[in-house]
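Two versions of one and the same chain are coming, encoded as structure tokens; call them structure 1 and structure 2.
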Structure 1
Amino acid sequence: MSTAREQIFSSVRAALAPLPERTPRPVFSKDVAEPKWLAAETDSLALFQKRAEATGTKCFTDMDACASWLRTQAVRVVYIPAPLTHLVALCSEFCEVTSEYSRTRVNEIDAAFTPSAGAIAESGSIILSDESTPDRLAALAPWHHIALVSRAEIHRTIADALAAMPADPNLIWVTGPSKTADVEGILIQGVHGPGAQACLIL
């Protein structure tokens, strides 16, 4: 193997060898970092909605309400993947609908619905995976992103979600809209990713 590798491993081993004893791996319960208010929350769906709204993610539980919101947002082109015919009908009333996410239209498509791989109630996060969201850009580049979250896939805690991570090349937890406070500490949404983050719970 490469000499750099050997060099690093031998220096690391040499550094550790003289230690009289090494710090053991701590044993801790899975819920050790759960916030104290979590125990009182028994309804994961309600908790998810509350936490998501608190981080700036809009929650919808029916398609019509979601479409009405988009209508007020002056959306021009919305990407809706294949099987969601009712949503297509609703959105076609006020904007162009495409079922194809093309990289040549990255700056035109200003809203996108993508399926998610679930959600986390404790933090109000949406989980996206490459399996659920076949094009990473579709969930990132449009100003409005609406993740489709299935009720059955809401993990109660962060630790639960960590324990259930699927073998996917990429998983991302989205907790609110893209934001920055780089300029004088002033919070601005929509830096690179969505300025309006939403989810439609089905």
Structure 2
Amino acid sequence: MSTAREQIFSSVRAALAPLPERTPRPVFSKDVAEPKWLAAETDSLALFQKRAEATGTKCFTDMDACASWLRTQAVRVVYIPAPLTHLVALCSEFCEVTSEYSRTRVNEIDAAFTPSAGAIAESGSIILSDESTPDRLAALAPWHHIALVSRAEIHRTIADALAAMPADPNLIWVTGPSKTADVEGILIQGVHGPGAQACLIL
């Protein structure tokens, strides 16, 4: 005879078990999902930069400009994962560079570069996935987060992005730096994530 405790944990384990197959995405008409103003926007890169900047994300298309910005932010330690070693020389002149993100150094690492899974021009969002991001904490904990975005992976619309999403168990859409507000309407950045969000478009 099972106890209430066993029944509860059995239900929890069943709920957390991987699904045998993913639920198919809903089918919908693009005419319904796409806003009318988007028809006038033909350049996805320019639209992404405009919408991202509007949400508070700094956009760079030049690595030197990105490094100069970090220098002005008085960054002391920057995390650059092994797949992005070509960026080390840019930052090593003015700060310490580490390729390992350790929880013991959470308060020391001021900035982190992480690859992205793409971006969305319509909303100015950056897409992060477990597959593309070597360390999820590195994308969420440092005050400065710089996501590397490939021009080829900028989706024009949210509908396009949904249709192209990888079979990844965890996806995050980042639209500007972390923001929260209290009951008095005072907006504060960086409480639940990076206070300064940027992207390096390559």
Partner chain sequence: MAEQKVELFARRLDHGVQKAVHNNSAAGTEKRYNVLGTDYSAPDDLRRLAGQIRQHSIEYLDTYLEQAEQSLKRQGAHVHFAVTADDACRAVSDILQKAGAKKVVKSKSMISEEIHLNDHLGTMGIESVETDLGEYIIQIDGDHPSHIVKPIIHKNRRDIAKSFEREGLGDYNDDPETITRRARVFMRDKYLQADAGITGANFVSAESGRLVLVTNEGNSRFCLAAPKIHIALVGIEKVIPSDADLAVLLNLLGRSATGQQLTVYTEFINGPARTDRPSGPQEMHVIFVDNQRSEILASDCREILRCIRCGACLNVCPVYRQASGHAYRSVYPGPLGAVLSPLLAGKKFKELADLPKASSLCGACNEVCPVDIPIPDLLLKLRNRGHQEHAPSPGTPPMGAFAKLASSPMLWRFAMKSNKVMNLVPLEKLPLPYLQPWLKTRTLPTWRGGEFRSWMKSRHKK
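For numbering, take structure 1's sequence and count from 1. Whichever C-alpha set is largest while still superposing within 1.5 Å between the two forms counts as the rigid core. Everything numeric in this text was worked out from a predicted model, so none of it was measured.
Comparing the two isolated copies of the chain, the second one is the form predicted on its own. Annotation for G185: C-alpha shift under 2 angstroms between structure 1 and structure 2, rigid core superposed. Comparing the forms between structure 1 and structure 2, the C-alpha position of V97 differs by less than 2 angstroms, with the core used for superposition.
The two forms, fitted on the rigid core, differ between structure 1 and structure 2 by 2 Å or more at the CA of L84.
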